[in-house]
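One chain is shown next in structure tokens, namely the form predicted on its own.
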């Protein structure tokens, strides 16, 4: 419908029809829907290569999906997807495109979109990264004393930490023996001191990962590592550093040679940067071939997202269902529960992706958003999560939608894995059906708690690439419907500014400023505690 994309989402005809449909859906009971409709599960499932998504346990009917697809059309989702892949300025507040999909594209794939020069630069930097990876894994990268590097410590925070850390842990079965990989993110000195205590100054390489190379946490930890090298007799600390950044001058000022500088472009947001040289530590861990498979898996999902019709498009369908739960059922939380210990860090990674991208109250046009935006994303690995948080999921007064992730093949003990599978499937069924125990009331719960189950053949680099890209594009779909910019994060800047001011005051470098009484009290108690 012409002009609907120019309106706030809640003023579109499709949104109003969804609101009316929601009032009619008060009596929707999932267990009844399954009982009367034997084809529900098959009809509400989609598959792509190694991934199968069953979304039949969500609070939807055929009419719901039809209305949601109308909403996608009225919000111009197809046009926005095209703009994402063709290099348009989809990040208007920073006046730049978002080209993370280009980073995982095969050679030549973007040459028809007017992006051939940018794509060529990205490939060159990727090839430089792989060249360094090959040398280090072959024992040809040496420290200042001539001993080969055998330990890598990634110093970063946010996207410069969460993505590489997730990959290294999730793909540990593909790790190169003889090379230790460690991570430091927290400005709390215990983090860097823990990593240094495990390190040999002659054989350790530090990766300073910061797009701006001004991130205070990263620079403070990197300087501590440099001082530690010098304190341990290292005459050339630069031989033990590598930088991934977009700020060549700051990297050089730090003392890192240009040959050890790997560029990340300004069109790569931090939470979308694992596909770039930010993934250096993960590439060292799993090797070039496996990292290329990781990129290829993401590209397969990109191709699906860019070309599949909306009703068969996995990120589109999941994004629209999320809108339905969040904006029409007031379900403000979403749990990600991987029944795969290797994906224990996935909820933390997705927490940044989703909440930093879509935790916005201002639209891309600068106006106030009139609807709820990002859900709170949380979670943990199953089955430990069953013994920690599932009481809330089953009987809590505030509902949370849920994603279950489950590998069909774990490459380990079949009987034990079968029990894991049984636990995962049982939780989805129980959350949907509930319990109608006629005895004690505390044994009863309503069910009707929505969940999606994502099955994958096995966890390997290709499949992990598909899964991460799926969640990226689902997040983009939500942002497109709400009319917000998922590629900036201005909300974090105020805290950074105030932290710098308070730090200077606590150190005595600046005269005490004017703060609220609570902050003044807490600063005073800190000073008293140090006295």
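Residue numbers count along the first chain shown, from 1. Quick caveat: nothing in here was measured; it's all calculated off a predicted structure.
Below, we refer to the form predicted together with ligand F6P, which is not included among the displayed structures.
Q: Within a 4.5 Å heavy atom cut-off, is residue 496 in contact with ligand F6P in the predicted complex?
A: Residue-level check for residue 496: yes, a contact with ligand F6P.
Q: Does any heavy atom of residue 281 come within 4.5 Å of a heavy atom of ligand F6P in the predicted complex?
A: Residue-level check for residue 281: no, no contact with ligand F6P.
Q: Even though ligand F6P is not shown here, does residue 453 get within 4.5 Å of it in the predicted complex, heavy atoms only?
A: Residue-level check for residue 453: no, no contact with ligand F6P.
Q: Residue 212: heavy atom within 4.5 Å of ligand F6P in the predicted complex?
A: Looking in the predicted complex, residue contacts with ligand F6P include residue 212, since a heavy atom lies within 4.5 Å.
Q: Only one of 270-278, 119-127, 248-256, 424-432 gets a heavy atom within 4.5 Å of ligand F6P in the predicted complex; which is it?
A: Selected range: 270-278.
Q: Within 4.5 Å of ligand F6P in the predicted complex, heavy atoms considered, which of 460, 169, 356, 340?
A: Exactly one listed residue reaches within 4.5 Å, namely 356.
Q: Please pick, from 159, 143, 363, 380, the one residue with any non-hydrogen atom lying within 4.5 angstroms of ligand F6P in the predicted complex.
A: Checking each option against ligand F6P in the predicted complex, the one that comes within 4.5 Å is 159.
Q: Honest question, do 41, 45 and 311 all end up within 4.5 Å of ligand F6P in the predicted complex by heavy atom distance?
A: Not a single listed residue reaches ligand F6P in the predicted complex, so no.
Q: Under the 4.5 Å heavy atom criterion, name the residues of 330-353 that approach ligand F6P in the predicted complex, in sequence order.
A: The stretch 330-353, when checked against ligand F6P in the predicted complex, contributes only 352 at the 4.5 Å heavy-atom cut-off.
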